[in-house]
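Given next, in structure tokens, is a single chain: the form predicted on its own.
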Amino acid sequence: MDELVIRQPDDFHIHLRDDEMLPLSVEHVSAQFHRAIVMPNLRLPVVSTSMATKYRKRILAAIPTGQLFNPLMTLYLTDRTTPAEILLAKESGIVHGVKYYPAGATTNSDSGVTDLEGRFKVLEAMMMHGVPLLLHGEVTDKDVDIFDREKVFLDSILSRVVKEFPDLKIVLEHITTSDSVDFVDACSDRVAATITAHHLLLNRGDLFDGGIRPHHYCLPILKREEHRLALLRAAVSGSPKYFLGTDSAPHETHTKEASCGCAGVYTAHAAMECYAIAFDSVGSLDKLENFASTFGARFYELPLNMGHIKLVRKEQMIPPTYAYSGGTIVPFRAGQALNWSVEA
């Protein structure tokens, strides 16, 4: 198969950032996706419906002329989030989830939750009002190996949340292990997961291929090849529990190439091409449309998009960097050729 036309996809997990970075990230995501679940971990986190409304206006103002793009907003769960704020979020019509970050887990997560059990009244309100819980599924205990943090989270935290709140919609975002696949498969249809393109294409060996590769460093961190293959099997399985979420996360070049580099992989510039490469690698391009365009929309109870995009087996070169007014971003597969392209 050298050409594939699919319903226009949605990205159910993306970081757009703010200020100088915002126009570039919005330009890239809106070129391929009609909607995106926008993460709230800005330097000043989006903790209220009022803040989400203002952030959404900034995103809309950054959309290039002629593009149709609908940002779906989220709130940042903190130790101070209240059930009343959840009701406001639901009534706003623009907030589609609440994001849980364990404090200190990843970029701009210092305001994250220190005690999830202490937030159970908020989770109860989310369940009551039909607001999904979106999870960065890792523990941050220093005595837990970084490669085991996702599994420990499943065993010690998420298993209890699922039991306590059986009707709460939960998205375990950017899963990285076979343990997460097994967990999601065993849960009801109220529990789903997003899978990134870079976790489908890379394993932890790629972090050290010829030297340390800072632009492959993300959290949750890349895992063994056996886990990558488990994610790929889940993505192409046809199960509606798994859908597209890029976790595309732009960082200024010098903050990645640093003595203490930050986590995040930028894939928004060629997201669908990267997913096509992954699905094509196991002869499952016919499964890409549901994964990218159907399952996530149905989980979030959104109408399916009416437009379409065309993927063609055509080489494109990824530039070494993308410039914006504040600096440069090194994209995924920088300076390399991809054998798929999105045709306008």
Ligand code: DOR
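Numbers for residues come from their place in the sequence shown, where the first is 1. This structure is a prediction, so every number in the text was calculated from the model and none was measured.
Another form exists, predicted in complex with the ligand; not displayed. Remarks below refer to it.
Asker: Based on heavy atom distances of at most 4.5 Å to the ligand in the predicted bound form, which listed stretch, 203-211, 258-266, 70-78, 119-127, is the contact stretch?
Answerer: In the other structure, the partner sits against 258-266.
Asker: Report whether the minimum heavy atom distance between His96 and the ligand in the predicted bound form is within 4.5 Å.
Answerer: Looking in the predicted bound form, residue contacts with the ligand do not include His96, since no heavy atom lies within 4.5 Å.
Asker: Whether Thr49 contacts the ligand in the predicted bound form should be assessed with a 4.5 Å heavy atom distance threshold; does it?
Answerer: No, Thr49 stays farther than 4.5 Å from the ligand in the predicted bound form.
Asker: Is Lys151 close enough to the ligand in the predicted bound form to count, meaning some heavy atom within 4.5 Å?
Answerer: Residue-level check for Lys151: no, no contact with the ligand.
Asker: Report yes if any heavy atom of Ser30 sits within 4.5 Å of a heavy atom of the ligand in the predicted bound form; otherwise report no.
Answerer: Outside the cut-off, so no.
Asker: Counting non-hydrogen atoms within 4.5 angstroms of the ligand in the predicted bound form, say which of Lys169, Lys241, Lys223, His136 makes the cut.
Answerer: Partner contact (heavy atom, 4.5 Å) among the options: His136.
Asker: Which residue among Leu231, Ile86, Cys218, Val161 has a heavy atom within 4.5 angstroms of the ligand in the predicted bound form?
Answerer: It is Cys218.
Asker: Within 4.5 Å of the ligand in the predicted bound form - does that hold for a heavy atom of every one of Arg7, Arg35 and Asn290?
Answerer: Not a single residue of the candidate spot has a heavy atom within 4.5 Å of the ligand in the predicted bound form.
Asker: Could you pull out the residues of 8-41 that have any heavy atom within 4.5 Å of the ligand in the predicted bound form?
Answerer: Heavy-atom contacts to the ligand in the predicted bound form: His15, Arg17, Asn41.
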